[in-house]
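The chain below stands alone and is given in structure tokens; this is the form predicted on its own.
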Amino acid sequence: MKKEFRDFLKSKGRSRFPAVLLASAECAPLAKTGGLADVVSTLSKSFRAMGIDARVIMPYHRCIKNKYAGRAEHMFYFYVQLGWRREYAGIEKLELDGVTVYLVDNEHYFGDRIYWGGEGEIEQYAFFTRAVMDALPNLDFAPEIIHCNDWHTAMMPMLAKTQYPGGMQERLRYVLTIHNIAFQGKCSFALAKDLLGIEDRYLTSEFMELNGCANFMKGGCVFADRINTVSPSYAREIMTDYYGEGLEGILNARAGEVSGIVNGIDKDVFNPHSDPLIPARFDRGHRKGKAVCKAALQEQMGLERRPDVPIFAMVTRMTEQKGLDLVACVLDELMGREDMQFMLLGSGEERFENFMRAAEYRYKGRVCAYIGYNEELAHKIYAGSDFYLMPSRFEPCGLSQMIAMRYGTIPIVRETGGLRDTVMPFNQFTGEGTGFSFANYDAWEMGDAIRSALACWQNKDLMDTLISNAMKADFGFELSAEEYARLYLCML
């Protein structure tokens, strides 16, 4: 433990950090659909390295059971009262990569998809929430802080403070991290009452009502001891009408208890010097391997094998949130006027998938699209591309831009959320900066940023400086974990 943290602990009158239980719908590598899983996994491992006893509790999804059932230890079981339903809940324990994970078992709710969608998903995670709250006193672990993540666990602080009077659940401290405010867990009042026994007095605008619905995320924002999100810029943005998705009122009312901590990446997984998924290794001081990765990527994806032409790449969900409408607006013009290649790995809305298939046909050898997801190919794209495009409409934090920089691939981003906080615009006169950016959600501004990147590509010295800057940037989760540790201490 660093001396500064020992001193900080002493200033709080403590000899050790508080024990933390991270509650989440997913955690890598056990179950993953997006960045939340990576954050929970890497944060818990970083805490362990700091000497903090941080454990994870999550559903025992079918994908986990299929792979890890032989390693899980059964601890106990009980029955959860979910309205009129009486449901089995088993608690299994798994040690993985030095982290203790508690798994809530119920074949009905977690024997299929991670997320059901619709009201079924509300019931799915209402069960998980109630099961966690009821299991807490019986775990072989006594946390002081429950770290809730997104709407799926956001009702825990509300239940603790309204339905467990005098219980250990009520005495704990709760922090709620908002990873994406667009997803809030909305349902009818009748369903919220049925599933979780919410009293009528809490189904009001003062507590968890929003636009005529019960809102799990709002309930969490009202009752959590602290609210956190995944970048300082996003924390400010969600307090505005444009980004707040209706929750800006409660967030402004609690502005002094809202903070933003930038996520980090797992530097062991994303390391060009040791990555087993890329064809050649390299690092900041020895970058010949990156040229090998580029040539291999061009050959694998059917692009013209030309070291002199830059590859612009995206690994993304194909939605408007990720800026695919901007790409569709200007790609033909760029490909018609500029000497460049474009590559995309991802899936999503049918219109964008069809657009990319057609673009690949029109610009054979210069544009390619892999519709779907492939983890190994993602690593090869990070390593072999020259520029990485993230023109998001909004981006709470984003991890891809950090991964790209780690591999010497220069990000081009819209200045929003975590993209603003992690990518410093390049200044060719001072040599400072790590990428290119544009302010407004506008296709032509994005096109101008791409042209600035192309102009820089023509100057080898500038590109060398820019790549060196990007690879030097430190986005390890250790820094984020330290900020979370300070947040926890300030809650006690």
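Nothing here was measured: the structure is a model prediction, and the numbers come from that model. Quick note: we count residues from 1 along the sequence shown, nothing fancier.
Absent from the display: the form predicted in complex with a small molecule. The rest refers to it.
Proximity to the small molecule in the predicted bound form, taken as heavy atoms within 4.5 Å, picks out 376 to 384 from the listed stretches 376 to 384, 155 to 163, 201 to 209, 139 to 147. Of the residues given (284, 317, 113, 393), 317 alone sits with a heavy atom within 4.5 Å of the small molecule in the predicted bound form. Among the residues 311, 91, 345, 297, the one placing a heavy atom within 4.5 Å of the small molecule in the predicted bound form is 345.
Of the heavy atoms in residue 420, none are within 4.5 Å of the small molecule in the predicted bound form. Contact check for residue 400: a non-hydrogen atom falls within 4.5 Å of the small molecule in the predicted bound form. Using a 4.5 Å cutoff between non-hydrogen atoms, residue 447 does not count as a contact of the small molecule in the predicted bound form.
Interface residue remark: residue 322 is counted as part of the site for the small molecule in the predicted bound form, having a heavy atom within 4.5 Å.
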